[in-house]
Each structure stands twice: as C-alpha cells, then as structure tokens.
Ligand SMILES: Cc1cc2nc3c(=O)[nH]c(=O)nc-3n(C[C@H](O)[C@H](O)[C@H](O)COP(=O)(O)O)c2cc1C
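Below sits a lone chain in structure tokens, taken as the form predicted alone.
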Amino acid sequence: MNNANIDKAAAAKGIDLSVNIAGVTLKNPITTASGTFSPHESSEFYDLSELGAMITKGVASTPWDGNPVPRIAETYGGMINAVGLQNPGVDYYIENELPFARKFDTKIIANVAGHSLQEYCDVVERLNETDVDMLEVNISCPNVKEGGIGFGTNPDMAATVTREVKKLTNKPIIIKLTPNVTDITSIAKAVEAEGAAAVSLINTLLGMKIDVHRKRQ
C-alpha cells in the first residue's frame, strides 16, 4: 500500500497521521533520507506530495565533487557507500532544486553540509532567505581546520556549530548526529543545550567490504 492509500485509509477511519516536529506539522510521518534523495529523480517514480516531508540531499556553500568512484559497494546485508556528499552548491540548489521541490504538497527540509564552521554558517544564512520549512545540519562532515575530525564526534564542536547557525536563522534546526562515537547522548545533549529543535538519528555507520578470497578491499 503506497503513502496515498495509507492516508486515504487512515482518513476513512478517522485516524490523524499528522505529526508535529518543532512546530512544523507534517501530514504523515513519512520522510526521505537526505543522503540519496533528489526531487527531480525521485518524482519520476512516485508523487512526492504523498510524503510528509522531503529531506533534500546535502547542500554546501560551493559545489562538491564528492569522492572518486567506485564509492558504493554491495555487501551481504545491504550496501556501504562513501559518496562524499556530492552536491552542486547552495546557489544552484536555491535557483533550481528548491523551485521544483515546491511544486509538491509537502514540507521541505534542507540538509546542510560544511567543511568548516564558516561554510555551515554561509549555507544556513542563504537558506534562511528561502521558504524551506526546516534545516537539517549534518555535523558528520570533517572539520578540515582540525585535521579532519568530524564535527559531530566532539560535544564542544557540535555545540559550537549549533549555536552559531542558530544565530543566523529563525527556522527550526535539526542536528543530524553521527553514530561513530563512544557516547552519542553527550553529543545530543550538547546540541540541545544550544538550541537544536530536534536530532536526526543517525548518519552512516563506518564499514568496509573485504574480499576474503582475494584478501583485498
């Protein structure tokens, strides 16, 4: 049963599927995963208006090429990836992706990526001028000024990103956490204390595919 039929069946039974996240009401709790979602491509397969919200693919202050191929590998239990947050940059997103996404009757949550605190702030400041409904800040990105350590692996860095982007927008902020830490609760509490409206659990788990027969990756 697709989302539209679920909504119709629920309505017929008088069931309200709407959910409220940080003051934003979604007509149902079905959303996309930001890492692989493109409104243009996905709309070829189903009506995006059936979604409670679309979380669009990560957007940075400038275009990112992502990692070289191969960057996706099948495993026995699914797949692992190292795409590297390939994206065309915030200007392209605002001029091309966002107007297309707005054609559909659903909320839009923009995912934000950055390699430095300034990059996060630049994107949030630009997106605050748009009509996106919420912002999801991906703090799993590496901090290039601190040797590549992920922003989301350190409570202080996570708190700093949250605090600084909050100053630049009146839109609800979701902080997307990384699972690759010893204690994720300390990170969640740190971003909550600095004004995060919600947290997204979780980003990609670290993994490696090894061919045991050839003894290589």
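What you are looking at is a predicted structure, and each value in this text was computed from that prediction instead of being measured. Don't overthink the numbering: it's just position in the shown sequence, from 1.
The same protein has a further form, the form predicted together with the ligand, not shown here; the description that follows concerns it.
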(request) Decide if the three candidate residues Gly35, Lys57 and Asn138 all line the ligand in the predicted bound form, where lining means a heavy atom within 4.5 Å. (result) yes
(request) Check each of Asn96, Gln118, Thr130, Asn81 and return the one that places a heavy atom within 4.5 angstroms of the ligand in the predicted bound form. (result) Asn81
(request) Would you mind picking the one in Ala22, Leu17, Ile202, Ala193 that has a heavy atom within 4.5 Å of the ligand in the predicted bound form? (result) Ile202
(message) Quick check for you: of 182-190, 163-171, 41-49, 57-65, which stretch puts a non-hydrogen atom within 4.5 Å of the ligand in the predicted bound form?
(response) 57-65
(request) Examine Asn111 and determine whether its closest non-hydrogen atom to the ligand in the predicted bound form is within 4.5 angstroms. (result) yes
(message) Is it the case that Leu85, even though its partner is missing from this view, gets within 4.5 Å of the ligand in the predicted bound form, heavy atoms only?
(response) yes
